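Shown here is one chain on its own, the form predicted alone, set out as structure tokens.
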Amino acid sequence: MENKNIALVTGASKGIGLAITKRLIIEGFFVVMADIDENKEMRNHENTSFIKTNVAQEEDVKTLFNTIKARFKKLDLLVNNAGIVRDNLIGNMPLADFNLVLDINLKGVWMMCKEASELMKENNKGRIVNITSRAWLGNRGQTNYSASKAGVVGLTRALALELGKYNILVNAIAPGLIDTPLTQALRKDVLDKLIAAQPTKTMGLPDDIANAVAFLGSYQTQFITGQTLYVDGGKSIGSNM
């Protein structure tokens, strides 16, 4: 354990978070999996540890980092992946749904970055990768989600300026249409239209995001910070939007 880099992944138990976890294990990380629910498949894996965490709750976040400090005394990589959607047109959107999405998708990321940056500064090194979304550019029916993800982009840029002198690099990844249980639950006609709007005419895979995290989270990457990497099959270019 002494020679392993320690990664913390939020929303790690399923979908993109689980793919990120598995890829980081391949890259030689020990992964602390933070989520509301534990993944049974990874329960006894020698290179993971699960800590139940609601990233929107300050007490949970502080408990998470106190545990990491006590056990590992360092954190090499934070991946802020946890997030939710509560889509609706603004006239039909309850304030509670706006607040919930901002609490988890933005405030939660901010609290995680705050705690991680203090621990990383103690060791004068670190990598933070925030999972935002191509939707930060704007999506109909997602005023709450788009705002939260735009906030993550701004947060990433500001943190890169603050933390660069401590050898802490902060970047974001903006996924587009990714093949997850959430997208597969869409009506077929809706999903077909979304795929047709893609320049590649395909969906991405969770592994596509995991590959990008492995790149930006690597200590071989020394001169990239404050950037947002789009993994969206070219949708952010504006084609067919």
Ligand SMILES: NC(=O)c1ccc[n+]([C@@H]2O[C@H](COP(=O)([O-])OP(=O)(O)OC[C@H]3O[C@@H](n4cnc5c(N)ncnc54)[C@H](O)[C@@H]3O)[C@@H](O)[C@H]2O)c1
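The numbering used is simple: start at 1 and walk along the sequence shown. Computed from a predicted model, the values in this text were never measured in an experiment.
The form predicted in complex with the named molecule exists for this protein as well; it is not shown, and the discussion that follows is about that form.
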**Message:** the named molecule is absent from this chain, but in the model of the complex, do 119, 167 and 225 each have a non-hydrogen atom within 4.5 Å of it?
**Reply:** no
**Item:** Answer range among 124-132, 71-79, 89-97, 156-164 for contact with the named molecule, defined in the model of the complex as heavy atoms within 4.5 Å
**Value:** 124-132
**Item:** Single option in 67, 198, 54, 49 placed near the named molecule in the model of the complex, where near means a heavy atom within 4.5 Å
**Value:** 54
**Message:** If the cut-off is 4.5 angstroms on heavy atoms, which of these, 192, 41, 58, 37, is the one near the named molecule in the model of the complex?
**Reply:** 37
**Item:** in the model of the complex, residue 104 touching the named molecule (heavy atom, 4.5 Å)
**Value:** yes
**Request:** Mark residue 233 yes when one of its heavy atoms lies within 4.5 Å of a heavy atom of the named molecule in the model of the complex, and no otherwise.
**Result:** no
**Close approach of residue 214 to the named molecule in the model of the complex, 4.5 Å, heavy atom** = no
**Message:** in the model of the complex, does residue 137 come within 4.5 Å of the named molecule, counting heavy atoms only?
**Reply:** no
**Prompt:** Which residues within 175-197 place at least one heavy atom within 4.5 Å of the named molecule in the model of the complex?
**Reply:** 175, 176, 177, 178, 180, 181, 182, 183
